[in-house]
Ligand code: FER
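Listed next as structure tokens is one chain, alone, in the form predicted on its own.
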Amino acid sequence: MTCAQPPRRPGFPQPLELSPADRQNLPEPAADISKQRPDIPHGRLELIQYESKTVGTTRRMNVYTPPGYTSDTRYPVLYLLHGIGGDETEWQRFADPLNLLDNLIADGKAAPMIVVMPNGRAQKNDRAEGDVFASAPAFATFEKDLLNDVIPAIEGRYSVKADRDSRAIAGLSMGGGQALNFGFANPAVFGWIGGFSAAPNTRPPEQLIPDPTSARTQYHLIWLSCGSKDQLLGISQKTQRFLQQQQIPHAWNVDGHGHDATHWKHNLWHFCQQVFQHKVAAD
């Protein structure tokens, strides 16, 4: 498989150093995890618009609703964020979440959920064009757009459970850093957090988690993953080491991939089987 690679600044790579803690704790998924299966019920992926007071414009996001979606049921919501070179369609290109979730739900491995894939670049021209690194400040601004515009739009349009125990946030690369930053900064909003090969926008651990004692019991799941060939591995390692030192329960999965679509797809598959399910014990 040829994996899409996000843009990377020169000089970014750092020497990779693996410790016994940096291991693959979950098996590689089968190659057909996102293959469309005609014999199972299917969900829906739709591109919707919402008004962003934060940005001052109409913005777009992709929304997955599970098979059999009905207003008679309230669903948990996963907010799934993209990388610095992507947009609201990036997860669709990298992981095919429509079929991936349909298959997991049909097999009873994932809870029926709504998955929201917004554009994490909170500026009026939110397209991934030109020097995408110049839009880095807009990725920080997205925290306000997410909390004040995206979540209210989703909760006003779909039948969802509007509580922290029913909200998860996860992302890849730049979106992984956003997910960690926003999730830990807003424990009253999110009860589940996932960062897949988080980028350098991730706050230093002491800033990310200023109250380790509270963090030990606040979250149902803290998921970190990175590839052993990923030059950004050190960022996730720093976060994981802090969680380990502070005895904060978390999951840590280091597979054999790089900073690529295979890692993100595989770890989304694993993450979706644990989110909205149960509490995960520390390593």
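Remember, it's a predicted structure, so these values are computed and weren't measured experimentally. Throughout, we count residues from 1 along the sequence that is shown.
Heads up, the form predicted together with the ligand isn't pictured, but that's what we're talking about next.
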query	finding
Close approach of residue 204 to the ligand in the model of the complex, 4.5 Å, heavy atom	no
is_contact(residue 259, the ligand) in the model of the complex, heavy atom dist at most 4.5 Å	yes
Residue 173, heavy atom within 4.5 angstroms of the ligand in the model of the complex	yes
Contact flag, residue 232 vs the ligand in the model of the complex, heavy atom cut 4.5 Å	yes
Selected contact from 152, 200, 187, 210, since only one has a non-hydrogen atom within 4.5 angstroms of the ligand in the model of the complex	200
Residue (of 122, 84, 179, 116) lying close to the ligand in the model of the complex, criterion heavy atoms within 4.5 Å	84
Which of 143-151, 128-136, 107-115, 162-170 lines the interface with the ligand in the model of the complex (heavy atom within 4.5 Å)	128-136
